[in-house]
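Starting off, we have a lone chain in the form predicted on its own, written out as structure tokens.
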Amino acid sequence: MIYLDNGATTFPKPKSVINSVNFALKNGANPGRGGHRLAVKSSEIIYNSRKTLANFFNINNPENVIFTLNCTEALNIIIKGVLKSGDHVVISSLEHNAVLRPIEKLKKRGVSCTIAEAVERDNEKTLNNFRNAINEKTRLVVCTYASNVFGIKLPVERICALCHQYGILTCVDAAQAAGVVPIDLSDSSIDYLCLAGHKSLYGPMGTGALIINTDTIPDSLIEGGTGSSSDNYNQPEILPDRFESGTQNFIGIAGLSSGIKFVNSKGVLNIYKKEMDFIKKTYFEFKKTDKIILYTEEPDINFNVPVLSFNIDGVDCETVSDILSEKFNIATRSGLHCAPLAHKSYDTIETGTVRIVPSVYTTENDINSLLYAVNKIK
């Protein structure tokens, strides 16, 4: 199958990731839950994986890397751990339900929210919209690094620097950016970086991470056994134990570490440029006919990540995706992509879109096959 659904999860996974998962399955015990050789080995793998992420995003303290099940859990930890009744939060108009839904729940507990419009290709207007959305009660700003529907990047570093001028904490959803766009936290105003391990970091599903880049530590989302301070009824305060209750996904974390090493070996910028070339080629070919509906300006590496949404005039998006799969053996995703705010912003809330996202394994022939198939459908 020609797989262009990498925005949901990357496929295939690198051989090194598969090998690490297999090794962990065959050689691992519960990390931090015993002093025997297998348990100690598992703990070493977890710690080395933490160091791998810390080095990849350029932070000094591996302990500030918190392993989660996915990006959604990381976002929930921050949103629910920081915001209290009476607080105000600002989010962008492109946010995923992983941001929107926990905030909707907190609204019932006295948290207020303002949506700042993200203006395509105009970082100044976007920044001003965030500035105007801030008020004296704003405690947190949460924004996506890049839209999972339309590939539009937000000026996150400028937004976060603005927030710090007002003493406001910042949380960035990097699910569609980490592993494609270089992210360096060493000189960054991003306080909390939330990651999906199974997308462009090429780890297994069921992996994610929260990287804490501030001294302000939120409340824990869950409490339980951590393998440390077991005589204390209260949750440990130290990182990462504060946020890692229960048995970890040791197998997935081992695979994630290898996925990040794989990305490093290819070079993030190299991956970025290659995938953007494929998206640009697809965009320009689609642009040649008015029967294909495009929603954004032409892709640009300064303003976009390699994500493209489209529709075919007169054919619903689910039908297009089904035909691509059943007749042409091409995997895409159709629908609302769990991001209703983004679809409202681009007037596709009623129609949804067909989305394509390439990966490091995508080839020129894959894109040519997609173009041929879409031409046949239209």
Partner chain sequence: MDNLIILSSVTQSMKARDILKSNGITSKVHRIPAYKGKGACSYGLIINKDIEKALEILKDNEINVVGRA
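These numbers come from a predicted model, not from an experiment. Positions refer to the first chain, counted from 1.
One more form of this protein, predicted in complex with its partner chain, exists but is not displayed; see below.
Contact between residue 335 and its partner chain in the model of the complex is not found at the 4.5 Å heavy atom cutoff. Taking the partner from the other structure, its partner chain in the model of the complex has a heavy atom within 4.5 Å of a heavy atom of residue 61. At a distance threshold of 4.5 angstroms between non-hydrogen atoms, residue 43 is in contact with its partner chain in the model of the complex.
Contact check for residue 81: no non-hydrogen atom falls within 4.5 Å of its partner chain in the model of the complex. The candidate stretches are 83 to 91, 176 to 184, 130 to 138, 221 to 229, and the one lying within 4.5 Å of its partner chain in the model of the complex by heavy atoms is 221 to 229.
Across the proposed site, 267, 278 and 281 without exception lack any heavy atom within 4.5 Å of its partner chain in the model of the complex. 238 is the sole member of 217, 293, 238, 161 with a non-hydrogen atom within 4.5 Å of its partner chain in the model of the complex. Proximity to its partner chain in the model of the complex, taken as a non-hydrogen atom within 4.5 angstroms, holds for one residue of 310, 346, 47, 328, which is 47. Taking its partner chain as it sits in the model of the complex, the stretch 23 to 40 comes within 4.5 angstroms of it through a non-hydrogen atom at 32, 33, 34, 35, 40.
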